[in-house]
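One chain is shown next in structure tokens, namely the form predicted on its own.
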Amino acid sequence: MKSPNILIVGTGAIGSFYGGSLARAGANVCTLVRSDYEYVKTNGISIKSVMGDFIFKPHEVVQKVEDYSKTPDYIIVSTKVLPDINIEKIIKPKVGKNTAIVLIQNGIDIEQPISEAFPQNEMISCLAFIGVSKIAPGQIYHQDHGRIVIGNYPKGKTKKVEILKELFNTSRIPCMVDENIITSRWKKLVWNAPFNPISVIGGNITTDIILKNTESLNFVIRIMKEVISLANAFGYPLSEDLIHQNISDTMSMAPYKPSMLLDFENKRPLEVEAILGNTVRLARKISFQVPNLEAIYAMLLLLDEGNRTYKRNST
């Protein structure tokens, strides 16, 4: 099999780790890098991982998508899902006839804008279950887990999905194909909807602190129940067994700062809309009551705005 050409758009913690893993499996991986461009071009990306440390040397490092020398078989988008990041515009110059667009991103109901912009291109939606962070320019720390779930959007699987799965598995990343990937997105939201916002709203706290407090644990459970009920209302069947499973899995993890908390601490914009805003809007669309989700959405919007204002005023 010919080694696929892969362009990573969003070379932060997620893009670097999974891009490096795909490169180790034999793919020709190019990275779009902006702030760390000179460092990565010279040194590559150093990945300290519980699965073994390695240096990821991309085949090409570019600052603009247009500078990539090939037409990619896959464009992997691993940016944050933020209103001011126009993914369609960024990737358009390198979306070829046979390019599959791969989203490794958080959130619910995030695929449609890109699918509408490139209706003839295959779209693969991916969910990463991993503890990984960027600790310095070109420096990634993989702390825990790493498995990934992929599938065609809105459903099904294709040869390109199977090839991507084999590449991940070859690189020792456990990868599963889910032909109903939107259901899997709702499943992940069961964890993301409570833990990401509460870690920020609760005063910069890790997952273990959230679970040790009886009131915050009950708050987590109420949010999870709302997500599960909403998913079921939209025809994506989820069981409340997911609540115990998610809490048990989180308790077994090392104390962990969710990605939203890391963004908040570093004065970066938060994925409020992708994780909470879209969820609340879906609920309102069918007049479904989600009072806990609405409450944390409102509070997080204020904290995010305060964070952005502080950054603007201090620069």
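Remember, it's a predicted structure, so these values are computed and weren't measured experimentally. Definition used throughout: the rigid core is the maximal C-alpha set that superposes within 1.5 Å between two forms. Position 1 is the first residue in the sequence shown; the rest follow in order.
As for the form predicted together with a further copy of the same chain, it is not shown, yet the points below apply to it.
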Exercise for review: Report yes if all three of 55, 130 and 141 come within 4.5 Å of a further copy of the same chain in the model of the complex by some heavy atom, otherwise no.
Suggested key: no
Practice item. Spell out, yes or no, whether the shortest heavy atom distance between residue 222 and a further copy of the same chain in the model of the complex is within 4.5 Å. Key: yes
Review point. Looking at the partner-bound form in the model of the complex, is residue 119 within 4.5 Å of a further copy of the same chain by any heavy atom?
Key: no
Exercise for review: Although a further copy of the same chain is absent from this view, report whether residue 202 comes within 4.5 Å of it in the model of the complex, heavy atoms only.
Suggested key: yes
Practice item. Answer with yes or no whether residue 216 is in contact with a further copy of the same chain in the model of the complex, where contact means some heavy atom within 4.5 Å. Key: yes
Exercise for review: Name the residue from 198, 100, 126, 91 that puts a heavy atom within 4.5 Å of a further copy of the same chain in the model of the complex.
Suggested key: 198
Review point. Exactly one of 233, 209, 135, 85 has a non-hydrogen atom within 4.5 Å of a further copy of the same chain in the model of the complex; which residue is it?
Key: 209
Revision key, fill the gap. The stretch from 286 to 294, 41 to 49, 59 to 67, 242 to 250 that lies within 4.5 Å of a further copy of the same chain in the model of the complex, judged by heavy atoms, is 286 to 294
**Study point:** Exceeds or equals 2 Å, Cα of residue 222 between this form and the one not shown, core fit
**Key:** yes
Review point. With both forms fit on the core, is the shift of the CA atom of residue 34 between this form and the one not shown 2 Å or larger?
Key: no
